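Heads up, the chain below is alone and in the form predicted alone; it's given as structure tokens.
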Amino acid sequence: MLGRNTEVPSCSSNVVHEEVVARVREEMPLEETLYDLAELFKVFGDTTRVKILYALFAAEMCVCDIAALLNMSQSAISHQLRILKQARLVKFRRQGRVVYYSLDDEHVKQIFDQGLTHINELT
């Protein structure tokens, strides 16, 4: 893992701070929204998909280019791109017979950058 102490401190009393619980309950997003957020973060749980996103930060690329860069089959890359597209992290455009992939929007890079910033803080 990331080398952090795994001991979790807990309260020694059973006092519930009702006002805090009520306020936070009101601010919590809908269950469906939280589910969608969890699904989004699952997409980042695959190293190949993270590598593809990192490559697309640098340039718009076709499947052949990404496959060559990552030393993987075009079929494997296409499968991962399909998942990234379903999560609205990448988009594509056709130019003749070639399909080029790029980041869907700037938010994707921001999510990635925040994750890298967090990881670099831990080291």
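Start at 1 with the first residue shown and count on from there. Predicted model, so just to flag it, every value in this text is computed and none were measured.
We do not show the form predicted together with another copy of the chain, though everything after this point is about it.
* Asked: So, in the predicted bound form, is K42 in contact with another copy of the chain at a 4.5 angstroms heavy atom limit?
  -> Contact check for K42: yes, within 4.5 Å of another copy of the chain in the predicted bound form.
* in the predicted bound form, does I111 have a heavy atom within 4.5 Å of another copy of the chain? -> Result yes; I111 sits at the interface with another copy of the chain in the predicted bound form.
* To do: Examine H79 and determine whether its closest non-hydrogen atom to another copy of the chain in the predicted bound form is within 4.5 angstroms.
  => Result no; H79 lies far from another copy of the chain in the predicted bound form.
* To do: With heavy atoms only and a cut-off of 4.5 Å, decide whether R88 touches another copy of the chain in the predicted bound form.
  => Heavy-atom contact with another copy of the chain at 4.5 Å: present for R88.
* To do: Enumerate the residues of 29-53 that have a non-hydrogen atom within 4.5 Å of another copy of the chain in the predicted bound form, in sequence order, or give none.
  => Contacts from 29-53: P29, E31, T33, L34, Y35, D36, L37, A38, L40, F41, K42, F44, G45, D46, T47, V50, K51.
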